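Next comes just one chain, in structure tokens: the form predicted alone.
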């Protein structure tokens, strides 16, 4: 039951962080939304900062599950696997009302005021980049990308472009920036 309470707080809290950001996330509002006693919150989280960091970990568990599902699907060529991951992510954004990426939102909001959050978000982006780069290496080996292609640089560029497009998608409440970015990126990547 305790694990269920923690998961419920994290799930609702992630949604609230996406909608309102870290600074506007009120613990009282989270407790009210989840019908959780205050003591239960502090049983699972030392502070609001600890909650935010654990929310990032929970978000990354979902991201890694998506990466496992897509990048591990060897029935598809590597570049299609990478694109499929981002297409599924765009679909998730759609179901959430185009609020975008929790990492991007918290990174923009907190990187200038919290070194702890800045490092945590950067580590998460780097972990995603490493996984994408490994798949891009496979694409080079299979001839989907030109020899001499820098898979690490390509993965970093993809994440950077994705995050910018996610912001524009949130501003417009429309998936077009994400789809246009993916089309451009993968068209440009072709040998």
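Numbering follows the first chain given and starts at 1. No experiment lies behind these values; they were computed from the predicted model shown.
Keep in mind that the form predicted together with a further copy of the same chain is not shown, yet the notes after this line are about it.
In the predicted complex, at least one heavy atom of residue 122 sits within 4.5 Å of a heavy atom of a further copy of the same chain. Proximity of residue 160 to a further copy of the same chain in the predicted complex: non-hydrogen atoms within 4.5 Å are present. A residue is said to contact a partner when one of its heavy atoms sits within 4.5 Å of a partner heavy atom; residue 112 meets this definition for a further copy of the same chain in the predicted complex.
By the criterion of a heavy atom within 4.5 Å, residue 40 is excluded from the residues contacting a further copy of the same chain in the predicted complex.
Taken together, the three residues 4, 79 and 94 lack any non-hydrogen atom within 4.5 angstroms of a further copy of the same chain in the predicted complex.
Segments offered: 124 to 132, 57 to 65, 31 to 39, 140 to 148. Contacting a further copy of the same chain in the predicted complex at heavy atom distances within 4.5 Å is 124 to 132.
Contact annotation for 18 to 33: residues with any non-hydrogen atom within 4.5 angstroms of a further copy of the same chain in the predicted complex are 19, 20, 23, 24, listed in sequence order.
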